[in-house]
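Before any questions on how it binds or moves, here is one chain, the form predicted on its own, in structure tokens.
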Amino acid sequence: MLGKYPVFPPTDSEFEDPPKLDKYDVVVIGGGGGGYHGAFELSKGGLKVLMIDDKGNLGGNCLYEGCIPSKSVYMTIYLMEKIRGGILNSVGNKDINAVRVLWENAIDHKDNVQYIRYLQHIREIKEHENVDFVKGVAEVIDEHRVRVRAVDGSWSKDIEARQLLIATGSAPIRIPVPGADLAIGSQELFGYKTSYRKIPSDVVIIGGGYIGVEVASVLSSMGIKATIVEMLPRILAGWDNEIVSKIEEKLRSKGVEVLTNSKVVGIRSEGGRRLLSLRGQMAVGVTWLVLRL
């Protein structure tokens, strides 16, 4: 939901004020990769730009819960695996407490990476003198007017613009099955300063897209038992078959179980564990779930 995040990124106090002007050349709605690059280029051309984002900083979901934090965690685990000579990958012969400490350290590292990048973005905004940035929620009134309101509802202002650039991206959804609230998603796993700091000994990942595969790979590198459930005939739909075969081979060598043609029809809690009901498969018992992005 717009303006609703467990932890907001760092911002600048002046970004929380209403827009300075009543009229701009361009209003950009969304501070993700599409929005802020566009705003910066337009400002270089001499246009006066207002950029609006409900997080109060740039980077969108990519920085808040997506590619940057996930790669930070992945590289931390990858380097540790290389340094320790694969010791982390000895399923059944691992010190789970040591693995959890490593995971918590990896999460702390990615929080720091995100924090540094957010501070860099604040400086970038201020380096573009033709760009005004506002932490707020935008509502399009018509093709030349936008209503901007503070995230906390403390102010609202209508703005005119010659052009509107809508770069809002999309929001992840929970799978439409009973018990979906028992699962977690990317915001809980990789979100900025997430409260989810520990991991169990086994995980089911719903969805075999590239993010699901990436999560399975990094967790299995730590000796965590990972299972991917994909409703299509193969994981990584749309990828080259030869590449997918190599990836599947690598995943299985790391102990990852891949269940294809398996549709999740329900999730329930029983005896302190989660039970996943699959169409065409037996229920799978897990202690923690990751939702598809």
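Remember, predicted model here, so these are calculated numbers, not experimental data. Don't overthink the numbering: it's just position in the shown sequence, from 1.
If you look for the form predicted together with a small molecule, you will not find it shown, but the lines that follow are about it.
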Subject >> Heavy atom of residue 78 within 4.5 Å of the small molecule in the predicted complex >> reply: no
Original post:
With a 4.5 Å heavy atom cut-off, would you call residue 117 a contact of the small molecule in the predicted complex?
Top reply: no
**OP:** Answer for residue 210 alone: is it within 4.5 Å of the small molecule in the predicted complex, judged on heavy atom distances?
**Re:** yes
Subject >> Touches the small molecule in the predicted complex: residue 266 (any heavy atom, 4.5 Å) >> reply: no
Subject >> The unique member of 163, 156, 168, 105 whose heavy atoms fall within 4.5 Å of the small molecule in the predicted complex >> reply: 168
Original post:
Between the options 251, 42, 235, 52, which residue brings a heavy atom to within 4.5 Å of the small molecule in the predicted complex?
Top reply: 52
Original post:
Can you say which of 185-193, 217-225, 123-131, 106-114 gets within 4.5 Å of the small molecule in the predicted complex, counting heavy atoms only?
Top reply: 185-193
